[in-house]
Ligand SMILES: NC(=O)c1ccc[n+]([C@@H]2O[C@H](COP(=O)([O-])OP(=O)(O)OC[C@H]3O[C@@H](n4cnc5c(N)ncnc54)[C@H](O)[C@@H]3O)[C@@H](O)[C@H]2O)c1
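We begin with a single chain expressed as structure tokens, specifically the form predicted on its own.
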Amino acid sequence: MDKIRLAIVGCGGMGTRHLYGLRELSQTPFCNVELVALCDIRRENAELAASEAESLLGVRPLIFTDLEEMARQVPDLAAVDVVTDPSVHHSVACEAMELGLHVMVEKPMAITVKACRKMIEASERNNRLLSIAENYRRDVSARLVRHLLETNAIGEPYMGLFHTLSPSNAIFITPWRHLKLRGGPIIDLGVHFTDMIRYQLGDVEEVYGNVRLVEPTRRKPERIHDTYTFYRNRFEAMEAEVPATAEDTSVAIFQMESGVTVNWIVGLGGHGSCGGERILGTKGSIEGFGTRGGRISLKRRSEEEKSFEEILETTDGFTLEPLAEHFFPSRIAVGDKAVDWKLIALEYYELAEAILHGRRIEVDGISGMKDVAAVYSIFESSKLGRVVKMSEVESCQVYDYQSEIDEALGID
């Protein structure tokens, strides 16, 4: 099978997870990616990742601390996977595309909508592919919800509920995830959720929302569950307390172009909790939009609720792409300890197929920008105290909240 030569840029914790995704892909008959290099401004991070890659893939990639030098020295390099922190996604991705490389970039696509637009422009100007690594929609549960909606299983959708509110003042994975200039927890988590809402129910038309910072001080948790060496080393060096500058709680109403209304409560702080996702239609409802390793159920009028397994048994015409079928032959990812890595492998496979054979990128720059804009529409609405149109946010006409970030980071 033909393969693209790829490099990973950013060798922190998420970069390590992507190495495991490549390992999953390499163990299948579908492998179309060869990892040839790693790049990080901190050489020690790249060295650690190179050792991990050698253990997982059997080959030690070349190491660089400069993107331009890597592009010049690595023969036939086709693409880079940008896994830095979100505040520099745009600068790294744009430089890579100017150097003639195709790009896959982790979510959120960029730190602001204007930064997203700079990436889209660079992609178009250089005729390079731009793929956003949005993984939840690739899970079997999300694909099944999409199929149920497309086959009218619950009639015409009219309402959605997306609630995930967790009480905590603990540091969420890394201290930078609590800083406004690095994205914050609502952006970091929220783009997953806005992508799922858009994937299942179409584009957003307008938003009314409120955001606030409930936990101005974040504290180091007693332990972490990650086994990656990078994460564990960073945890050991983490300060006991860090200041938070990014809002951690949000409430919103999304009015979709289709007429569906979605109630959103998303947060990671405070002292109360709520959870649950549901899509309501004229003939029934689906519990769950789909998520990584997730489970859904279906309830139709005058019928007993169907479990995930029962839906699969009684639903006709539901198919997965061949690599997903290979990874999830039972069509259930629940309990699969490697599900995170397998979904990353699906992202890599798609990128390579697009480069080699012209396959369509599912979450391209426009889609990634819409996910970021949908989250920021809550922030912009909160700052203005009114409903905002998505067209206003996507075009940067309504931009008070994000302008502060752009000014601080030099994004023009």
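Keep in mind that this is a model prediction, so the values were computed, not measured. So that there is no doubt, residue numbering starts at 1 and follows the sequence shown.
There is also a form predicted together with the named molecule; it is not shown, and the following applies to it.
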{"item": "All of H89, H192 and F230 within 4.5 Å of the named molecule in the predicted complex, heavy atom check", "value": "yes"}
{"item": "Residue stretch of 144 to 152, 175 to 183, 281 to 289, 261 to 269 approaching the named molecule in the predicted complex, non-hydrogen atom distance within 4.5 Å", "value": "175 to 183"}
{"item": "The single option of I41, L384, L62, I366 touching the named molecule in the predicted complex, heavy atom within 4.5 Å", "value": "I41"}
{"item": "Listed residue (K342, K107, R138, H102) with a non-hydrogen atom within 4.5 angstroms of the named molecule in the predicted complex", "value": "K107"}
{"item": "Contact label in the predicted complex: V211 to the named molecule, heavy atom within 4.5 Å", "value": "no"}
{"item": "Contact flag, R23 vs the named molecule in the predicted complex, heavy atom cut 4.5 Å", "value": "no"}
{"item": "Residue contact check: V398 to the named molecule in the predicted complex, 4.5 Å heavy atom", "value": "no"}
{"item": "4.5 Å heavy atom contact, V388 to the named molecule in the predicted complex", "value": "no"}
{"item": "In the predicted complex: members of 10 to 41 within 4.5 Å of the named molecule, any heavy atom", "value": "G10, C11, G12, G13, M14, G15, R17, C39, D40, I41"}
